[in-house]
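Encoded as structure tokens, the following chain is the form predicted on its own, with no partner shown.
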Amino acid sequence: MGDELRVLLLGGGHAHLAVLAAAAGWPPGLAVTLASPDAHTAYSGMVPGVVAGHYPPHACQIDLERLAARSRVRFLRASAVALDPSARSVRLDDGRTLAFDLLSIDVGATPAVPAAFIDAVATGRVGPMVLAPCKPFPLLIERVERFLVDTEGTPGPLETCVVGAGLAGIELALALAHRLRGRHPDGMRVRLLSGEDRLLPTLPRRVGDRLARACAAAGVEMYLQARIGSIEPDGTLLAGDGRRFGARLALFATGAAPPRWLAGSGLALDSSGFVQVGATLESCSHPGIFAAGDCASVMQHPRPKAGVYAVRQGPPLATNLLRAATGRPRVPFVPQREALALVALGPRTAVAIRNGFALGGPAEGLLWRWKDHIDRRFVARA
């Protein structure tokens, strides 16, 4: 055991799924450990479908513990709370300290909520309002399902808000509208709150306009320049300009923030606090430490924080971990310039977005079936 090279995988993100699969064929002498806070991970592409009611929660779950056992990888149900790159060790939330020779970090990101909201989002309730971050996905699904159970048969319309109007926020708002329609005798109200002056300002206006029409058709009320600054004790969201939004459920899809412990890790971080890595996915400051997925920023190839890029990083990450373990040069990876986004519209329809264009119309049902096939195949093959 003492002569084995210790490879530690932190987090069960999408990139580490490919590493787990590859580890089954790695040579003897590598002792691989996966530490993840949950034994299952949710595939992000199917989460809006779960919220909309198209899939049961378990349909999007990937069994990390089973994958680890299949590849002879030791599984620990724990989260990292501190990293000492000089001592080559990680401290876990259960008090254990793990030593490593090679480290790979794929712990995802959390919603970038204001500091005043952190405790409220963590506890999940302010007054009668249930709060849920869009990540981690199991927590989002659990709180949405709890909200639906708790509000069954309650008087008055079901009022919900989605804070943040990127693609993830739009999908969640449309999924909620579909799930709640006809469910409550007094109706429902879904609000989508954007801090920007138009929907999806980093994309061509025609894309934002297409999804704005989808929101209007689904009954989702869109509010622009509604940057939420505080939550009142009765569960009212208060925007900076004084507008007030009452809700029994508030979902936060407000961009990505890095896990807090990275700030004290000693690793080179970008201006937002994500791990700086090169094209080989290795740390810019500490050789032998890799990072992928939403927690990392590839300095040569900046890309949005999206699951599709994390999935594509998996095979090159596995290759370079093995190369590092066997003393061979790493291989750079060039991601696609723009990924295809299949955006679920609530019912079993979708639009495809790529290269600044949105394809929908008569093809929306076909695009949903294509998306459903891709998503189910990914989960089945994991």
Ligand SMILES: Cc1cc2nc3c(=O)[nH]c(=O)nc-3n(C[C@H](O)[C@H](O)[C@H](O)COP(=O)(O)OP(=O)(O)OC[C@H]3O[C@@H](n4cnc5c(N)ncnc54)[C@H](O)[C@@H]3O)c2cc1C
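Numbering starts at 1 and follows the sequence shown. Computed from a predicted structure; not experimentally measured.
Beyond what is shown, the protein has a form predicted in complex with the named molecule; the following relates to that form.
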Though the named molecule is not shown, can you say which of 291, 250, 310, 177 has a heavy atom within 4.5 Å of it in the model of the complex? 310
Contact with the named molecule in the model of the complex, heavy atom within 4.5 Å, among 108, 235, 164, 208 goes to 108
How about residue 189 - does it come within 4.5 Å of the named molecule in the model of the complex, if we only consider non-hydrogen atoms? no
Even though the partner isn't displayed, in the model of the complex is residue 135 close enough to the named molecule, meaning a heavy atom within 4.5 Å? yes
Answer for residue 50 alone: is it within 4.5 Å of the named molecule in the model of the complex, judged on heavy atom distances? no
Taking the shortest heavy atom distance, is residue 79 within 4.5 Å of the named molecule in the model of the complex? yes
Has each of 172, 261 and 371 got a heavy atom lying within 4.5 angstroms of the named molecule in the model of the complex? yes
Go through 100-108, 155-163, 200-208, 214-222 and give me the stretch that gets within 4.5 Å of the named molecule in the model of the complex, heavy atoms only. 100-108
For a quick check, can you give me the residues of 145-168 that have a heavy atom within 4.5 Å of the named molecule in the model of the complex? 168
